[in-house]
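The data below hold one chain only, encoded as structure tokens and taken in the form predicted alone.
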Amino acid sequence: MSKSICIVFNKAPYGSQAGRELLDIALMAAAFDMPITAIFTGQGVYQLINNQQPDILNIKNHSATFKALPLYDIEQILVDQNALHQFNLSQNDLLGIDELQYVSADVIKSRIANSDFVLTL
């Protein structure tokens, strides 16, 4: 039986490479049929903002790659409702990924507590 892995995106997308590196880890682990839950909390919800334009900062846009998560059988994609509210964002501001689940902090804490491994940068 595979061990469950939570990958927690909690940083804004372009202040560091953390988001891109975690995305790469998620896709790589999923390619080996590992059960992955992607969690977006805190400033990490900005990873999912639609129509990002980091090219004006000469930074490569990796946000569209998040749309590939379901193609890699990563269908547990949790978005912290409190973070959306904190940053005055709505579901309409995010990428169009059908598998996004908008959940409370308690659900996120429970998922992390019940995971075998938790990765964050």
Partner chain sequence: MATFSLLVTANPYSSQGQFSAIEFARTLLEQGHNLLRVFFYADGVLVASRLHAPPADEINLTKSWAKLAIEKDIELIACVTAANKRGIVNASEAERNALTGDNLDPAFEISGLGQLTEAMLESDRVITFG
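Small disclaimer: the values here were computed from a predicted structure and weren't measured. Numbering follows the first chain given and starts at 1.
What comes next is about the form predicted together with its partner chain, which is not displayed.
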TODO: Indicate whether K67 is a 4.5 Å heavy atom neighbour of its partner chain in the predicted bound form.
DONE: no
- [ ] Using a 4.5 Å heavy atom cut-off, state whether Q17 contacts its partner chain in the predicted bound form.
- [x] yes
- [ ] Look up in the predicted bound form whether L71 has a non-hydrogen atom within 4.5 angstroms of its partner chain, and give yes or no.
- [x] no
Task: I97, heavy atom within 4.5 angstroms of its partner chain in the predicted bound form - done: no
Task: in the predicted bound form, residues of 97 to 121 near its partner chain [heavy atom within 4.5 Å] - done: F117, L119, L121
